[in-house]
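Below you'll find only one chain, the form predicted alone, shown as structure tokens.
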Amino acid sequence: MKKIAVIGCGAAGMMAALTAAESGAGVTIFEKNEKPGKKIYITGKGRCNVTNACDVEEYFSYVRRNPKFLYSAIYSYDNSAVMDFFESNNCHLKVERGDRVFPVSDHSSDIIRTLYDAVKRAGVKVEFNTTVMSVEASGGEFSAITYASGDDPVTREEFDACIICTGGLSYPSTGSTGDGYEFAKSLGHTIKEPLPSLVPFEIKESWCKDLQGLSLKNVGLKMFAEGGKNSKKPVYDGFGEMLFTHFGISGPLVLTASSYYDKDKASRLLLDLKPALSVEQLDKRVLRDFEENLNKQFKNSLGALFPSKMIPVMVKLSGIDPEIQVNAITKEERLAFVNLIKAVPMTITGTRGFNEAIITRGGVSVKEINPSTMESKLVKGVFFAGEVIDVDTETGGFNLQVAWSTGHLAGVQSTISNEE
């Protein structure tokens, strides 16, 4: 029986361990936390967006970096397989807007429990409160790991293969502190700079704070990166829901935009408050509103256009005297106001960092991992799965699918690798 070590008891780690054990290996998971799936627990605001039910071919369009690397993993264990796994283990799922898949219970703990119970039934040994300190190799082949648990002395244990599923750097409170990058570097691997992704933006304009707590639905957002050849072309153009905060903006639309953000380029945003209307259509709408409020002050004529909290901000940004009567507003002022509604400018000063990032962009270079097996091309017997790899996606359940698929593939292949 092959003896396999899995480092990390998260989504990728548990899936890898389960698959390896079901393939006949003796598997031990090493987890520095006191329980499994701490990051799974907080995903989807505690509901766990398990996967996305889109067509498999469509899935790759949501992968921001290195989608081709995932072909073997996704096609060998796709979203249907993931849903079948949980359903067959009596964890029933539902599909919501945007093909997002959640447990019917709306409790991420049910996903963790279902997966962990399957892991234990498969005979996997799990060592909690145990920190792996090093992954050893000799002559280009994996040999052993060293680990420490509590006050016990450091232990060195030999295994036939090791699957590194330590996650990235996002939400470090869940144990994602970059250990896997250090293991990979010690084995000669290249690490693409880890950066926070699916993360809120900090905004320069102070008026954002005045709108703290305001949620907008069905708005458009364009992001432009300055300094490039195509600085006039948006690097991101999306539609959805966003939220104003004390530091800037958040919400699904913003989180997705953040996966296109380049910290080395000054970035600006244009918020379209009425994306369903063209400039001409919106001008007719504003003109109609103005005609119905001719004798009102400008600041009191906008109730049908914006949420009340937003009116003072839009009035101020327009530069139009808030006390002026609507019938005194010129055509030029009205058209400028219409264009403002279609493109409210904001300046990004940065992101909220790893503490608030849902995922990590960057990680172990895919050029050094065999996409058909998830095995290191540099060290035989070492495999990678999940967020530790330089692959990231947009929000919507796609990142967890990466964990399930790469974990499954690594688990299977770790049991047959090194065999002649």
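Values in this document were obtained by computation on a predicted structure and should not be read as measured data. Throughout, we count residues from 1 along the sequence that is shown.
The form predicted in complex with a small molecule exists for this protein as well; it is not shown, and the discussion that follows is about that form.
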item: Partner-facing stretch of 88 to 96, 112 to 120, 335 to 343, 127 to 135, counted where any non-hydrogen atom is within 4.5 angstroms of the small molecule in the predicted complex; value: 127 to 135
item: Heavy atom of each of Ala73, Gly381 and His408 within 4.5 Å of the small molecule in the predicted complex; value: no
item: Position in contact with the small molecule when the complex is considered in the predicted complex, options Ala53, Ile42, Val63, Val366, heavy atoms within 4.5 Å; value: Ile42
item: Heavy atom within 4.5 Å of the small molecule in the predicted complex - the one residue of Pro312, Gly175, Pro234, Pro194 that qualifies; value: Gly175
item: Interface membership of Cys165, the small molecule in the predicted complex, 4.5 Å heavy atom rule; value: yes
item: Phe183, heavy atom within 4.5 angstroms of the small molecule in the predicted complex; value: yes
item: Contact label in the predicted complex: Ser376 to the small molecule, heavy atom within 4.5 Å; value: no
item: The small molecule contact at Asn33 in the predicted complex, heavy atom, 4.5 Å; value: yes
